[in-house]
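First, one chain by itself in structure tokens, the form predicted on its own.
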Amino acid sequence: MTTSPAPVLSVQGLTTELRTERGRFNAVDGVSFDLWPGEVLGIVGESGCGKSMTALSILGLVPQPPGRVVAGRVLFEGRDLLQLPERELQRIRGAKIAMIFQEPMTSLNPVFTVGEQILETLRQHERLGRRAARDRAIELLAKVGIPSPAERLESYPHELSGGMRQRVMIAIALACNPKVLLADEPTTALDVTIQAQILDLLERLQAELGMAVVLITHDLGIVAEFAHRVLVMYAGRVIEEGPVEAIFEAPAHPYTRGLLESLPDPESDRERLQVIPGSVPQLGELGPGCRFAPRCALAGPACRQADPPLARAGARAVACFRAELATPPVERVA
């Protein structure tokens, strides 16, 4: 990971509201983080915690209605993406900040060939002639490990395997050499062998191109192997943040600890995996206290009365009144 005096992307207080039949609720609630050049930041949490909505909010892709970004800033190259006209944002989206979506079969257009979809991205953002664009498309497919790339340009998405479709999505995302890549569950629905191949590919390309990557996943094993830093989300909020090694060795939040204890450990003699009781609350079910309190064995009276702020100490941050009971104390700032 390279060092720089300024982050390549700075998300500050991002809040995204959803309008439902039961009222208005914040699916993303005051999320803040910095992403540094060459860094891989993992965002983890259970389904429904706001991981994907955070990425969509950054790029202005939240469906309206029912969603709407209501607060915060997303700074990229000195500009707030949330304040840009749609036309300006389109010039950045896909060119300087690209995204790999969860399911390539629904993200790729089934009525256009792979080549046409790559060429569309190149035509939109790069001033290339038809021949040069085709050569670039073939180069991209070869770079992501697709055999006979010239022939595959003429294939339709349904003619490719799941792993091949995901490689095409990566090729499209990398077409314009973006500075930031948002990868939303890039190995979902792939078998273990293909998952490993896709992750190896992303790791190689990230190192080769020097991109900063936001890796969104529910798989802590992927974060441990691939990310430099991790952001843990719960019910729309960031509840812990820090270097991967530090978080995995000494999680400060009971939720993070529960996630780690639910992983299989070949060196442990446990016969059964640990589970976190209950589930992530629905947006309309949030009470006045800590959002994790109903599932937390360490919750005390204070936890049920107020939502703890994110307390930062150096490279670590945690939002928990009882963090010292979950792990050795984290030194806090006033």
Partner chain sequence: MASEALSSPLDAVAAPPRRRFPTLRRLLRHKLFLVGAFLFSIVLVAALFADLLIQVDPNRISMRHKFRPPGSEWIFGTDNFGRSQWSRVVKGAQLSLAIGFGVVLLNALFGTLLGALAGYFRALDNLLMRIMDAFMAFPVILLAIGITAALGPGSINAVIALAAVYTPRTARIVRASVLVVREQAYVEAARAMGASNLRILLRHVLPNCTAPLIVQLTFIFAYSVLSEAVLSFLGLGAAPPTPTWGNIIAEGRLYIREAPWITLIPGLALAMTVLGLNLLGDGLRDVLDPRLKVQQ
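Note that the coordinates shown come from a computational prediction; the quantities given were computed from them, not determined experimentally. Positions refer to the first chain, counted from 1.
The next section is about a form of this same protein that is not shown, the form predicted together with its partner chain.
Among residues of the shown chain, G163 is one whose heavy atoms approach its partner chain to within 4.5 Å in the predicted bound form. Its partner chain in the predicted bound form is not approached by F76, whose heavy atoms all lie more than 4.5 angstroms from it.
Heavy atoms of C296 never reach within 4.5 Å of its partner chain in the predicted bound form, leaving it off the interface.
Although the partner is absent here, A142 sits close enough that one of its heavy atoms falls within 4.5 Å of its partner chain in the predicted bound form.
In summary, the region of this chain contacting its partner chain in the predicted bound form, judged by heavy atoms within 4.5 Å and restricted to 216-224, 76-84, 231-239, 89-97, corresponds to 89-97. Checked against its partner chain in the predicted bound form, the candidates A150, A132, I194, A71 yield a single residue with a heavy atom inside 4.5 Å, and that residue is I194. The partner is absent here, but in the predicted bound form a heavy atom of L201, alone among L201, I138, M211, V244, sits within 4.5 Å of its partner chain.
With respect to its partner chain in the predicted bound form, the three residues S107, E154 and R167 uniformly fall within 4.5 angstroms at the level of their nearest heavy atom. In the predicted bound form, N109, P110, V111, F112, E116, E120, T121, Q124, H125 are the residues of 109-128 with at least one heavy atom within 4.5 Å of its partner chain, listed from first to last.
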